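Take a look at this one chain, the form predicted on its own, written out in structure tokens.
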């Protein structure tokens, strides 16, 4: 089974694709699509090959440095493979939604490069290599937003860069203190060696991953990044990069330091609640359609934090389902928000109106995804929020049901945006705009809509995968 090739292969392939596509840019997107389909197939094969007891599948050890316990150790369990499957599947849909993007050679070459380090993040169990891949993920994202973004793209990428490195510094200090205490970089060895974990290490690690999720008060970089990023790149930001932070929180904070995580769980809950409610209120206040979606995205990551704080089998399974559901629900909203701006040349919902009459099918998908975001029964959003509330009440008591206020707030900003942008009287801006959409772009939206409904009425396949990821947490 391929292992290290999945990481370094895309990174080496990307510059080659860029140069061969300079005379025929369409080649790059077909190479990217083929690569991501191949990565999805390999990821599914990995899942089927996982040990039945819920342990790790060892894939190999590379680039060992003797005497320093520094080696690229690759091994995956159900949690990491699920993230690989989600990454590959979303990457395919990003290619579809970017089918007519300008400067395709460079654009799709960066997407190909992105696949390498993000697979490294989810495949390695060496703390230092995890940090290296984490940092490398920033490189293509900075170029994708910085070149293909909006007017304030430079400001957005600088802010994102500063916040990301702020979190990375905390994470690295935590990793270094762990190495100083244990003498090892490997997760499996460290987990067994850290019988007693100083609180300082826990907080360094928590802050490092909280910035990337992002949780309050580290969330302010995300709306700017989303607004300036193309719609398809917002899918990568919300669907993969935020999940990278949640994955790190589960893997290197909850799983590696469960005793301390239980001790500080109430702080995670408070931060998660603050994130959900504060971001929801900001979304109600906003008139910028992409910022509304961005704040909705942040609000849902607060729900994920609350579920993770339970440090329980039920709560972690609910968190993983919500991570997947959030990626599927929020992605079409970002794509459509970017598409509406491209067609109307405005971001503001009160300057739109009557879009349903001009683009009924796209509008219907926007409504469906919006209803899923507010937790409408029959959609993925409802299942995710319900399971999180149930598991949180089981762990913290009835008072935690206050988190349901987030759904009421979501109903406010979603219904307000839908009424103003889609169903109001047609505005002059909309009347003179043409709302054509390419076949591949629309197909991506249809696929998202299909999964929103499918896993909303039949969530068991995802829960089966999520439950297999946390078998070892059953005794916590």
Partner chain sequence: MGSLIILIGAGLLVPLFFKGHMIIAKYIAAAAFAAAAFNVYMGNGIDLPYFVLTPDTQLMEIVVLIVLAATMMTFSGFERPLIPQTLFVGAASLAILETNNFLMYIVLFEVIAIISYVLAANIRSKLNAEGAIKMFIAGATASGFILLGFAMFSMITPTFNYSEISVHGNFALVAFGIMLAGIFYKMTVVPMHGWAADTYAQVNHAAAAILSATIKVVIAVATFKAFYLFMAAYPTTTVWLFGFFAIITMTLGNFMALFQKKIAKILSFSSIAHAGYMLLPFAAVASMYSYTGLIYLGIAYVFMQTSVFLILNDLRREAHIKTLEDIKGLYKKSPLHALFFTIQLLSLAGIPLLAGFISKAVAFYAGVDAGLWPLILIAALNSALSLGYYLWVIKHIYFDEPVAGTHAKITMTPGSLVGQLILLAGTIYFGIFAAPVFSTTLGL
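The shown structure was predicted, so the numbers you read here are calculated from the model rather than taken from an experiment. Numbering follows the first chain given and starts at 1.
Absent from the display: the form predicted together with its partner chain. The rest refers to it.
- The partner is absent here, but in the predicted bound form a heavy atom of 65, alone among 65, 443, 41, 408, sits within 4.5 Å of its partner chain.
- With the partner omitted from this view, the residue of 451, 70, 416, 56 that lies near its partner chain in the predicted bound form is 70 [heavy atom within 4.5 Å].
- Shown alone, this chain has one stretch from 319-327, 135-143, 264-272, 87-95 that lies within 4.5 Å of its partner chain in the predicted bound form by heavy atoms: 135-143.
- Although the partner is absent from this view, residue 390 stays clear of its partner chain in the predicted bound form, with no non-hydrogen atom inside 4.5 angstroms.
- Contact annotation for residue 341: none of its heavy atoms lies within 4.5 Å of its partner chain in the predicted bound form.
- The shortest heavy atom separation between residue 129 and its partner chain in the predicted bound form is within 4.5 Å.
- Its partner chain is not drawn, but in the predicted bound form it has a heavy atom within 4.5 Å of residue 11.
- Taken together, the three residues 191, 218 and 221 lack any non-hydrogen atom within 4.5 angstroms of its partner chain in the predicted bound form.
- Residues of 166-182 lying near its partner chain in the predicted bound form, listed in sequence order, are 166, 169, 170, 172, 173, 176, 177, 179, 180, the criterion being any heavy atom within 4.5 Å.
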